[in-house]
Structures are given as structure tokens and as C-alpha cells.
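In the block that follows, a single chain appears as C-alpha cells, in the form predicted on its own.
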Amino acid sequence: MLVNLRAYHRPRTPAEAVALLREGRTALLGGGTELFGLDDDTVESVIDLAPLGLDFILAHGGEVRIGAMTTLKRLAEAPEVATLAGGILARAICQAAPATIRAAATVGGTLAGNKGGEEIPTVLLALGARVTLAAPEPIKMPFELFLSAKADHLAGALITEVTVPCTDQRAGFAFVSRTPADRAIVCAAAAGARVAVGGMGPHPVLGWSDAATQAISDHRASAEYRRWVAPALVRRALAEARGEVLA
């Protein structure tokens, strides 16, 4: 509960939102799934991102631009995403969150927060996505650079959009979870020569060798289990990307 909440802001531009964010003691309100249940008595104001016009999906010039306020539900159902690399992103979204969460959670909130799971960022990494931040001027960076120091990049900055190259090439996605409907413990995505692995450490990485070195143990699985299962998931993702069928 935000017991010390005193102010509610509705900025009209990303620059205005960033200025408010840099005043400190603030929380961003997108879909609300990250903010809901937040227990932080230092937060004194909320910045509502709804008026910023960041709810869009645009396919143009060989890429798909996805606004940060686009809900996961809309993104998963968008025709531009359904055909993107065989629908791999839509599959990852549906695995990452149940329908009730997808209806509210936004792309920006999912990538900036800590509750979004590994499926979506792993697939975006494999697809060669880029992230645009308002800081307050627009800064566009490769997704792998954003993930490597997310907290630093988001200090006083705001995700405004994600750009994914259009491709009709085959891609593959494989994961292991406690139940079929549960979030992935470890997942792998392959698109062309790019292979990304998630669930091994603080964030998804490109390539199996880097993923193996950062394997962690937590309440969901041990580091040893992660290192054991990840190569099999990589092989499955690559096989699907090549159009092979594994038993």
C-alpha cells in the first residue's frame, strides 16, 4: 500500500513525465499490474502515463513499432505480431501472463518491472529488438544493451517504444515450467543466427555460453538444473527455427 501517496499527475508529454519522475518519490502508472500491491512508503506521487499517446502498433519501413502503453493482450492479438517470425512473440506473451494480466499489463511496464517473467524479453532479444527511452530526449538502443544495465538506463528515464525488425523467417521458442500454464523457469528463443536464453540469471542473454556462466539458484530451480536443461531448450528452439520436428 502506498500509505504516503499525496499527488496524482497526468503529464501530456514524455518529457513532462520524465521531469516529474526526476523529482523523486514517484511511481509510474501504466497498466497497474506492477504498481498494484506495491508496499513502498517512500512513494508520494503517481505519474499516470495514459495521456502520453504511447498505445500504438505501427508496421512501416521493415519494422514494427510498439508503444510502451500497448497492452500485452492487444499486442498478442495484433495481425502485425501474429505473422512476425511465425508468431513467436505472441506465443511468448501468452505463456508469460494469464489473460486477466494481459488485458491490463503494458509492454513498457512489463519490460521495466520485475513481474513480467523471462519469455517476452528473451524473444525480443532473439528478434533483435531496440528500445527507445525518453531521457528526456529520445534515446534508441539495442535490447541487449538495455537489459545489461536496466536499472541504470531507467534512472530518470521512461520507455516509450520497442521496435522489432519485420521478418517472415522461421523462429523457435522452447521453455520448461512447473506446469504447462506456469511461467517459464528457463526459456530459449532462436531467430536466424541469434539465440537468446532467459531464466538463467538477472536477465536474458545472447548465446548459451554466457547464459551458463550466470546460472542462479532460487526457489524455482537450482543453478545445476538450469545448466542441465538450457542446452536442450536451445536445441529445440533452433530445431523449430529450422523447421525440424523433434519427438
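Numbering starts at 1 and runs along the sequence shown. Keep in mind that what you see is a predicted model, and the values were worked out from it rather than measured.
The form predicted in complex with a small molecule is left out here; the points below concern that form.
is_contact(Leu147, the small molecule) in the model of the complex, heavy atom dist at most 4.5 Å: Contact with the small molecule, no.
Heavy atom of Gly31 within 4.5 Å of the small molecule in the model of the complex: Yes.
Heavy atom of Pro98 within 4.5 Å of the small molecule in the model of the complex: Pro98 belongs to the contact set for the small molecule.
4.5 angstroms heavy atom contact with the small molecule in the model of the complex for Ala112: Within the cut-off, so yes.
Heavy atom distance at most 4.5 Å to the small molecule in the model of the complex, all of Leu125, Val205 and Ala211: Negative, none of the three is within 4.5 Å.
Location of the small molecule contact in the model of the complex, chosen stretch of 154-162, 74-82, 170-178, 135-143 [non-hydrogen atom, 4.5 Å]: Going through the listed ranges, the match is 154-162.
Contacting member of Leu49, Met200, Ile66, Ala191, with respect to the small molecule in the model of the complex [4.5 Å, heavy atom]: Contact check passes for Leu49.
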